[in-house]
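Here's a solo chain for you in structure tokens, the form predicted alone.
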Amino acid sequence: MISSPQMRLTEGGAYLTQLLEMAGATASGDSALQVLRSAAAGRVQSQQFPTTRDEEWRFTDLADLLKLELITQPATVADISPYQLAEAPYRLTFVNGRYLPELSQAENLPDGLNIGNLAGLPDLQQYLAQQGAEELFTALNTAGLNDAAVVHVRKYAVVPSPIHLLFISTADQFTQPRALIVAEANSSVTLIEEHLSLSDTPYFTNSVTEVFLADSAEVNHSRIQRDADSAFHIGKTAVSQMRGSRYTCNAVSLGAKLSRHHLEIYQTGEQTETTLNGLTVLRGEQVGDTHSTIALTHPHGTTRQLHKTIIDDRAHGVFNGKVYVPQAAQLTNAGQLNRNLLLSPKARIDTKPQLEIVADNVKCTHGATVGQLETDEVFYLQSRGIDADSARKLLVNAFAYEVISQIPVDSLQQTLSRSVTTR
């Protein structure tokens, strides 16, 4: 029996109350955090669980999430060696939202770099929940905020090697990973944020990453989602850029039964640069949803966005990219492109690139393409002695490589390329 939208609202309200109770059950800490959590809980209680009647969710149905029975309890992992990155000597490891210092590497840091969990770096709590905080799942994460992966780069510090933020989820869990990145003026850092699982059993991950760039700071951020195919993953990346700062996000999504990543970029100073590269690979009946909001509120802002989706079987991809250019943002240069490759006649994509421009002296473009593998290209490779299946794999990998090649860790590039081929 298919439930009606009204039934979905009722079921969603009860489920949201349950999640809020579970989030509160794991929350602890000092009074400052408690104030944040209480305010966030109030925002959650004032909203409804999203349905396809909501414009922001009309292509993504959360009905299956309502059927998921979840628990919250700490878990340990004995060995993470298969997931370590040789090129990233600094690492913070969280399992089901709990920091595990014994599986992290936060010692012998270069000058100007502090990393650890929130309890170890309490002076940075002032940066928490400063933007994008009203959105339902972001508020739910804040309502249960107990700890976070924290990276603090001081003025003029240039971190020579990537920092690996490893978030692991286990069976039947409701986990809410949190990361806070603060890059002070004229600093530079490279981050690898990775979400994965050690189990094929369903679970729900609701993650939030906040990134603050001061004047002329530079952050290169790669976000990799490799959850179990039965999992649900909702993620938010909220970024604030001050004058002259440069932010790059390379987001790759391969796993989860249903995944959604929402990027919110706020350019709060002149001459900021934002580069967003995205890749989503879907198969079976997976749903992969990418939303982005880029607000250019000052002159001379630049943004470039490329999001690619590869869809096979009966999978469903969603892309909704918004770029806001108000009157104050003169001389803005913004480009947005969504390219989609359908490998099956039943594969589906809903794409909505969107520009809202009030300023009159700007250069802004956007577009979307949907296509299949070209028969002529497959035939050309076959004429060179490559069988049809290998030819298709080569073409799919070439389509994905434009994004994967932007990730600044060679071993991770190779792992992701193999995963695309396998999937």
Partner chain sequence: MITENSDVILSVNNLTATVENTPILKGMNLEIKAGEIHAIMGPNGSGKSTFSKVLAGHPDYAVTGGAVSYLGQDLLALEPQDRARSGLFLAFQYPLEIPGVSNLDFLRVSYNSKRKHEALEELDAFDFDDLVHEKLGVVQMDAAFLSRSVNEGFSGGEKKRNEILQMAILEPKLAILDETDSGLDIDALKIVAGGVNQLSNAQNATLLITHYQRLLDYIIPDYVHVMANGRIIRTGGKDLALELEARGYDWVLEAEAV
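Quantities reported herein were computed from a predicted structural model and do not represent experimental measurements. Positions refer to the first chain, counted from 1.
There is another form of this protein, the form predicted together with its partner chain, and it is not shown here; the text below is about that form.
*Asks:* Considering non-hydrogen atoms and a 4.5 Å limit, does its partner chain approach Thr365 in the model of the complex?
*Replies:* Answer no; every heavy atom of Thr365 is more than 4.5 Å from its partner chain in the model of the complex.
*Asks:* Gln372: heavy atom within 4.5 Å of its partner chain in the model of the complex?
*Replies:* Gln372: no contact with its partner chain in the model of the complex.
*Asks:* Val358 versus its partner chain, in the model of the complex: is there a non-hydrogen atom within 4.5 Å?
*Replies:* No - in the model of the complex, heavy atoms of Val358 and its partner chain never come within 4.5 Å of each other.
*Asks:* Mark Leu65 yes when one of its heavy atoms lies within 4.5 Å of a heavy atom of its partner chain in the model of the complex, and no otherwise.
*Replies:* Taking the distances in the model of the complex, the answer for Leu65 is no, it never comes within 4.5 Å of its partner chain.
*Asks:* Here the chain is shown alone; which of Gln48, Gln382, Gln34, Gln354 has a heavy atom within 4.5 Å of its partner chain in the model of the complex?
*Replies:* The residue in contact is Gln382.
*Asks:* Have a look at 34 to 42, 374 to 382, 66 to 74, 48 to 56 and name the one stretch with heavy atoms inside 4.5 Å of its partner chain in the model of the complex.
*Replies:* Partner-contacting stretch among the options: 374 to 382.
*Asks:* Indicate whether the candidate residues Ile80, Ala86 and Phe94 are all in contact with its partner chain in the model of the complex, with contact defined as any heavy atom within 4.5 Å.
*Replies:* No: no residue has a heavy atom within 4.5 Å of the partner.
*Asks:* Taking its partner chain in the model of the complex, which residues of 381 to 405 have any heavy atom within 4.5 Å of it?
*Replies:* Leu381, Gln382, Ser383, Arg384, Gly385, Ile386, Asp387, Ala388, Leu394, Leu395, Ala398, Tyr401 sit within 4.5 Å of the partner.
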